[in-house]
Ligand SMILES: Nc1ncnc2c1ncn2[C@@H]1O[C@H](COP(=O)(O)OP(=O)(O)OP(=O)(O)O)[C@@H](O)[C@H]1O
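For reference, the chain that follows is the form predicted alone, supplied as structure tokens.
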């Protein structure tokens, strides 16, 4: 069955670079803010290259066993169950570890032999050493804005990857993306993007995170479905940015200048 290719609007040479990395069996690191299109890009490239995709949302409790696999008990027997990383290695699939810096440091160490010229995955619990198929590709991502001393990618890990930096698209391109994703008219898409850029200016002052392209799509979707624009902006664009009620009201004053 043919894979459905998710829409992705290229911003530079990221598609071409990814294709080169895939052909030369190089691992790829995606860096960029939340909601700027990193995951959509990987989904698009997996479909474009015709490869299965295993996506793992990394978190504090993610263990090596969660990626590699573990022994399970069923029908009175113990059997081995591959994790997503192992399945990708065996099948020649793309394995995408989203927000990899959220995983425990001892977990990311298992990526090292897969992300250099060895391209192997030792499985200690079964005694196997898997050699990745030529089509296997390792892709990881993280948001540099969230990095700190406790949650940063070790240089010994980061320098094993070809890196792509993502950011929010330029206004004209972002408006086109919003319009294509939600079927709103160009005027509304442009209006929402202008609002987002006004809110992004405030990031360094009052907000931990910026208004993302993803949130613009959510907002436009609500408006396209008939929801009142100001209420849609509050629910899908402003409230997700902060829990502080005073900040919400201040941001809504900005919104009202665009949707009076």
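Positions refer to the first chain, counted from 1. In this text, all values refer to a predicted model and were calculated from it rather than measured experimentally.
Omitted from view is the form predicted in complex with this ligand, to which the following refers.
Participant: Is it the case in the predicted bound form that 67, 86 and 125 each bring at least one heavy atom within 4.5 Å of this ligand?
Facilitator: Per the other structure, none of 67, 86 and 125 touch this ligand.
Participant: Counting only non-hydrogen atoms, which stretch in 224-232, 194-202, 45-53, 28-36 is within 4.5 Å of this ligand in the predicted bound form?
Facilitator: Correct option: 28-36.
Participant: For residue 130, is any heavy atom within 4.5 Å of this ligand in the predicted bound form, or not?
Facilitator: Because no heavy atom of residue 130 falls inside 4.5 Å of this ligand in the predicted bound form, the answer is no.
Participant: Is residue 247 part of the interface with this ligand in the predicted bound form - any heavy atom within 4.5 Å?
Facilitator: It does not: once this ligand is placed as it appears in the predicted bound form, residue 247 has no heavy atom within 4.5 Å of it.
Participant: Can any non-hydrogen atom of residue 213 be found within 4.5 angstroms of this ligand in the predicted bound form?
Facilitator: Residue 213 belongs to the contact set for this ligand.
Participant: Decide whether residue 91 counts as a contact residue for this ligand in the predicted bound form under a heavy atom distance cut-off of 4.5 Å.
Facilitator: Residue 91 lies outside the contact set for this ligand.
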